[in-house]
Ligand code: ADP
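Only one chain is shown below, in structure tokens, and it's the form predicted alone.
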């Protein structure tokens, strides 16, 4: 019932149309009885009597009225059926638009642990195939259930109004259908859950291969990746066949039972008509409406099939739809009245990824306007440390403060809009270079975009491109070198004029001359800014106000370049290796 309440909630604004569609479905199915009823009257009144010719001659007007009523009701039923289908379609499309919009908003608000837990291919499956299954359920499954029930019940009532014994004989096989359907539902449900997982794995394999196509080509692993995808595809195909074949195991029983209705109607109906228990017209009506019992029986399997698919898909959607980020604004969050100054302090900070301790007892204070470099071996927690400032993750112990306020007490939008981040792994969007630089501040003027590019030493190569700043870069920046992408990412980070600038190995792919130009530009920004530079090269860190050395998740040393090269430790070792 929860799934249906969820659907009903998301029909806001279209509930009236959906109720109207359901009502019209009922009316439309009841109208199917008109033609057999008229046929019964025509047969009994104008065909079977001994003086049929005389009756037709004297009551031809009544005969034509009945014929026109049949034609008129058929036409009216067609119009109602078309209108009903349109209402179902409009409502279902509005529903999935609302659900998809809500899901996408929720996905964007999730914290990093959400993306650690869910695969990209799985999320895409939920946003596409699963949502379309929900639309199919609203537009067709529920519609089919209502129509089948209405037709079945209306026909049974009409049959009993003609002859109760014939009606009982015809519905005697109904319990068999319901018994078979119950066992089918019980057996097929887990299969569709598995089928949904297999589809997700196949989509994930495809997404990873397409995203990493350059790596695949670089290592000549096309055949391997094709084989891996083929394996997932085969698993999905097998799961699909297993579910389909399960239905085929039950289908003959349902089909034989449905066909048996025609045999019962022909034999018993014929005997009752000959014996005079029912009229030939009633026999004709029974024959004309036997499909109204057989079709709903046949539909039971399809309905159960689709409903199990719907349940599996809807549960996956709801998991994301109602998922809430653990990192969110508190109700008593502080609304900062002015620009952040850029003071940062880590107080006894601990952080873990699950059971893996990454940072332990970190104590560090950074003054506004300072330039701080963070160095350390791979895996020492450098990137994680700066991500705690923007609340990409939250600390497990201790606290991080900005301008004396615990970051967990600040509004996320205010906090993150005050931080500019440029990482080594650059993501550029399929947009113009101008659009990528102005991503965080779309109201920027062209002059401001150029100035940010000049700070990042990117203006020179951008102007040499075919369309300059209007050049469309490929997905993820395809067509640009690693150093060019890093400089555009740096310009993007500077474009928001952040109070805190985080550069995570941002100049690792540029030459020393370009790095020197960028460092000089960063020293002469036209806005106040606290800079945190994660670096592997001494040249990137040596001019910092202080250099923090992280080892094994703790601060091993802090000092200036001159101080650190005078004492034993990680920094001096790196310095000697690089010089």
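Residue numbers count along the first chain shown, from 1. Because the structure is a prediction, the values reported are computed rather than measured.
This protein has a second form, the form predicted in complex with ligand ADP, left out of what is shown; the following refers to that one.
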Please pick, from 292, 284, 380, 418, the one residue with any non-hydrogen atom lying within 4.5 angstroms of ligand ADP in the predicted complex.
-> 380
Just give me the single entry in 104, 322, 429, 353 that has a non-hydrogen atom within 4.5 angstroms of ligand ADP in the predicted complex.
-> 353
Location of ligand ADP contact in the predicted complex, chosen stretch of 333-341, 226-234, 447-455, 371-379 [non-hydrogen atom, 4.5 Å] = 371-379
Could you tell me if residue 393 has a non-hydrogen atom within 4.5 Å of ligand ADP in the predicted complex?
-> yes
With heavy atoms only and a cut-off of 4.5 Å, decide whether residue 358 touches ligand ADP in the predicted complex.
-> yes
Touches ligand ADP in the predicted complex: residue 116 (any heavy atom, 4.5 Å) = yes
Partner proximity in the predicted complex: residue 384 to ligand ADP, non-hydrogen atom cutoff 4.5 Å = yes
